[in-house]
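Just the one chain here, the form predicted on its own, laid out as structure tokens.
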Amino acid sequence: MKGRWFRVLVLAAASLPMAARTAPPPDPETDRQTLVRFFEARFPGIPKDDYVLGAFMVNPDARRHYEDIMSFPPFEVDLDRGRKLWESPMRDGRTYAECLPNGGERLAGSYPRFDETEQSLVTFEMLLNRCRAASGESPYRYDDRDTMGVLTAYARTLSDGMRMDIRIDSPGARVRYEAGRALFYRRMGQMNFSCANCHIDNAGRVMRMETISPALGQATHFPVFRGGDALYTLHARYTRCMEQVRAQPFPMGSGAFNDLEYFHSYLSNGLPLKASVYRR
């Protein structure tokens, strides 16, 4: 079965569109608009905001099932656990809401953000850990679903409806964007596939009984609950994708994954956030 899936992917990749090019773009916004036009041509008539639904946007039956699940999501217990962490005072008596700008609301869509003082990227999860450090607490591990996982699952819902607004407005930010872009298009692993091969070139095609989602809109809805209960942060999803192409994953929270998240999130600029949702 795995061999058959690989052969199907190879055949699909044999006629890769120009969107899979690896030459540096003239600027990030031109790059993003090129991909937007590519997807508009591939999925004509799909409203732009529907891209936050992932593969459900092109499958009416799956979309109805998604909407039914989201009416009574089976993962409410995890969101409640995250809310409890969010509302519990830390060592200095502050909560996350008291530590973060705007009480943590309508905030996640502006991260990752390039810190000009530190000349490094700051992700939303890093921001949460900085609150912990400032309050005298130990950081949460990025691969721990019971701490950072559920906390992020709840905290990101406070930005639902916010339009993604990732900024690339300095030379340092551009370097990190280009590094993330290079990783997105880099072939890797024994199967020699990149993120772009699946989520641009093969977006909308059915592989192993599942429709492959387009890259546009993906970063708006993480974390997700696959099957209704398996919590995946965005970095956990990157890890699983690398495993599926038989590559050695980077550590969650690593600079490589942060760069990838920066580029990946920028692609979804202007789309509304809808975090902690059901996925198959």
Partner chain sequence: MLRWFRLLLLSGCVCIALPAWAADAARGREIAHSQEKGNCLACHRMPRDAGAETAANMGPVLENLTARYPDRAALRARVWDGSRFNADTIMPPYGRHRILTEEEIDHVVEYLRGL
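Numbering follows the first chain given and starts at 1. Because the structure is a prediction, the values reported are computed rather than measured.
Not on display, but discussed next: the form predicted together with the partner chain.
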Task: Of 53, 224, 212, 216, the one that lies within 4.5 Å of the partner chain in the predicted bound form (heavy atoms) - done: 212
- [ ] Identify, from the list 79, 85, 107, 191, the residue with a heavy atom within 4.5 Å of the partner chain in the predicted bound form.
- [x] 191
Task: Any non-hydrogen atom of residue 208 within 4.5 angstroms of the partner chain in the predicted bound form - done: yes
- [ ] Tell me, yes or no, whether residue 135 is in contact with the partner chain in the predicted bound form, where a contact means a heavy atom of each within 4.5 Å.
- [x] no
TODO: May I ask you to check whether residue 159 falls inside a 4.5 Å heavy atom distance of the partner chain in the predicted bound form?
DONE: no
Task: residue 202: touches the partner chain in the predicted bound form, heavy atom cutoff 4.5 angstroms - done: yes
- [ ] Please state whether all three residues 187, 197 and 246 have a non-hydrogen atom within 4.5 angstroms of the partner chain in the predicted bound form.
- [x] yes
